[in-house]
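Single chain ahead, written as structure tokens, the form predicted alone.
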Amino acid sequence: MNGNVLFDIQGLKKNFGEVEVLKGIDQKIEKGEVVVVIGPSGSGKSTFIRCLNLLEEPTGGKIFFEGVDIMSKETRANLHREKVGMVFQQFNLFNNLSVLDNVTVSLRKVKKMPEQQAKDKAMALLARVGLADRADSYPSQLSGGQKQRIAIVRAMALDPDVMLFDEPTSALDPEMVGEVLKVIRDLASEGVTMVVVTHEMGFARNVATRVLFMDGGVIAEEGTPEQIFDHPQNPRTQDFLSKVINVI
């Protein structure tokens, strides 16, 4: 296997009861890529990304991560998730913990990092996203955009090999979307490998190294942002883009 391949996904399927949500996805994701997944609601985007983190158990196919079959019974999901950070639509912060404690809890409990070292690392990460001054605040005192930036910091604190974002701006008011996308753009510019499910077409066009268009549980088309947004070949891609942005 190519040493740069992080995920090697082969024939991935996922059913919910009688409903086939993923119908056989083949995909490789390499180190340093920013893969953005777009498509209509119900196309399987979130299910796809949740399978990569074993938050959903695939019905069929194979997923290899760094050469290891993560669908094997021997795979420990919690250890896998240390290497695969995830940011959700909802922020999933601990409301009873301060911002600092939200970030340090995984460092102390998962990485067994000494308390002061964990605090130093957390404060450095909070400073990167402009929130060092909110370290002692609680989630209820933060805006939606601030909460999502904290969620990103919390995921990055474990130094994952890849970051997954499941529509990270969909729960935000429009004026807060930009501040979260800026953090993700900054991570991309630093070479962080990412898979991002999003409805933000401008972000997809400007930040992605590769775009996957999902429809009906399959990847209907993939390519560079220029190929997908300026020269889509699949009529389903053309129809979707014509509805969401004026590019066709």
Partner chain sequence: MSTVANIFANYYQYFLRGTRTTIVVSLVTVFFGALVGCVIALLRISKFKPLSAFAKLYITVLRGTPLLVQLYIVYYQLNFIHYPSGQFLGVELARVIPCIIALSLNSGAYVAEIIRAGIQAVDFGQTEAALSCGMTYPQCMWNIVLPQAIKNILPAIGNEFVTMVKETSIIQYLGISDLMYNNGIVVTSTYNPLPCYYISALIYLTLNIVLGKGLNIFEMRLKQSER
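Keep in mind the model is a prediction, meaning the values are calculated, not measured. Residue numbers count along the first chain shown, from 1.
Quick note: we don't show the form predicted in complex with its partner chain, though the next part is all about it.
Screening Met176, Met123, Leu93, Met71 for any heavy atom within 4.5 Å of its partner chain in the model of the complex leaves a single hit, Leu93. The partner is absent here; in the model of the complex, the one residue of Leu142, Val105, Ala132, Met113 having a heavy atom within 4.5 Å of its partner chain is Val105. In the model of the complex, at least one heavy atom of Met86 sits within 4.5 Å of a heavy atom of its partner chain. Its partner chain is not drawn, but in the model of the complex it has no heavy atom within 4.5 Å of Asp161. Not displayed here, its partner chain is kept clear of Lys147 by more than 4.5 Å at the level of heavy atoms in the model of the complex. Residue contact with its partner chain in the model of the complex: Asn53 places a heavy atom within 4.5 Å of it. Within 4.5 Å of its partner chain in the model of the complex, a heavy atom is found for every one of Glu82, Tyr138 and Arg154.
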